[in-house]
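Let's start with one chain on its own, the form predicted alone, as structure tokens.
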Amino acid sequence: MIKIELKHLFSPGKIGNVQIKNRIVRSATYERRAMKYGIVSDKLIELYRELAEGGTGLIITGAIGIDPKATGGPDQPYLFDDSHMEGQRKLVKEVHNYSDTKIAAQFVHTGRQGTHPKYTSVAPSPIEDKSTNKIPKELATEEIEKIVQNFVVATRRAYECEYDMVQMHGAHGYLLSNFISPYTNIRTDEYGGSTEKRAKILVDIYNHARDEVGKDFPILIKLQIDDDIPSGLKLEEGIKIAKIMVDTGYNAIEPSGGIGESISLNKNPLPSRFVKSPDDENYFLDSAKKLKPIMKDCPLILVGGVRNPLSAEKILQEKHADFISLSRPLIYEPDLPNRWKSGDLSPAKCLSCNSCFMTMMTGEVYCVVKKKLEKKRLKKEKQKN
């Protein structure tokens, strides 16, 4: 039997000055495991310990709220107050003490897709959200500047908690992607109009955060490159925005696409794409191939339906991406990287059925398929005994 080595997938790589032991990234995933007031819980720490134990090179946390008004739902962790720092430090320390895995804090403002019952959703422009029939409040200039500062202060707190890096969530219809989209931003001031003006908030966040944490702390961005709706951001302009991010200095880009309304406005929305066959895998790869030539020395993190270690290896070998990002497969198998590294090169067990997405409506996010199989196994064992 010929032994296949994943030389590229399990080679070290750098983001900024931080070396990561392999090219496998856990993409930010909403977990619903924080305690009241956004405090880190023991359950949340245990989840990250399992990911670190499983061999992931870089863990990007589930989105962390940078403002009480910016949160996406219950049980989401926060880092907009010093009271949140003790739990965040404990989480980072657990990951670092357990393994050589690196960890990044992802920051979000939910924007027009905000669901907090106490606060009105906000956006660059008051464009109705067709999925909720709600019209967000248009942000004043001084409110935008305050939001920029909130991202900056959260970055400083993450630095003080000893995170290895941070990632700004600029995708999926949340506030930062609302600004860069012509569908949700029809402003005529310094934050709207041209591509450069719509991207200004992302440039401002980077520059001000860099002043706070110095030149050696990596700042990443999950970047919207395609809204996946008829009148939204298209790939051609998404590439232009990515170039602005590269020139600004962001240390890595994880391109993504789709917004909440994609499901109702598009027959084949990206956020709910099922991977029923190998032909459905790697669904952002074509976009990545178009992005890579403008990336210079900025690493590209490929996310979207990556299920096969052999295809991941080929993507890296052909230099279409620098890192491979996984979300749903690691919900099913937090030890997936170690399985692949050990020589078991069968694809991820995740069926991409999206049942895990539905669990977040009621409580902690988990793999429904895995839980059903576990129940069957326990039932058989009980019958034997």
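In this text, all values refer to a predicted model and were calculated from it rather than measured experimentally. Numbering starts at 1 and follows the sequence shown.
Not pictured, yet referred to below: the form predicted together with a small molecule.
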Listed residue that, although the small molecule is not shown, lies within 4.5 Å of it in the predicted complex (heavy atoms), from His172, Arg157, His84, His109: His172
Sole residue of Leu51, Ala28, Leu316, Ala34 within 4.5 Å of the small molecule in the predicted complex, by heavy atom: Ala28
In the predicted complex, Lys102 touching the small molecule (heavy atom, 4.5 Å): no
4.5 angstroms heavy atom contact with the small molecule in the predicted complex for Ser327: yes
Close approach of Gly305 to the small molecule in the predicted complex, 4.5 Å, heavy atom: yes
Val368, heavy atom within 4.5 angstroms of the small molecule in the predicted complex: no
Contact segment among 65-73, 334-342, 356-364, 36-44, judged by heavy atoms lying within 4.5 Å of the small molecule in the predicted complex: 356-364
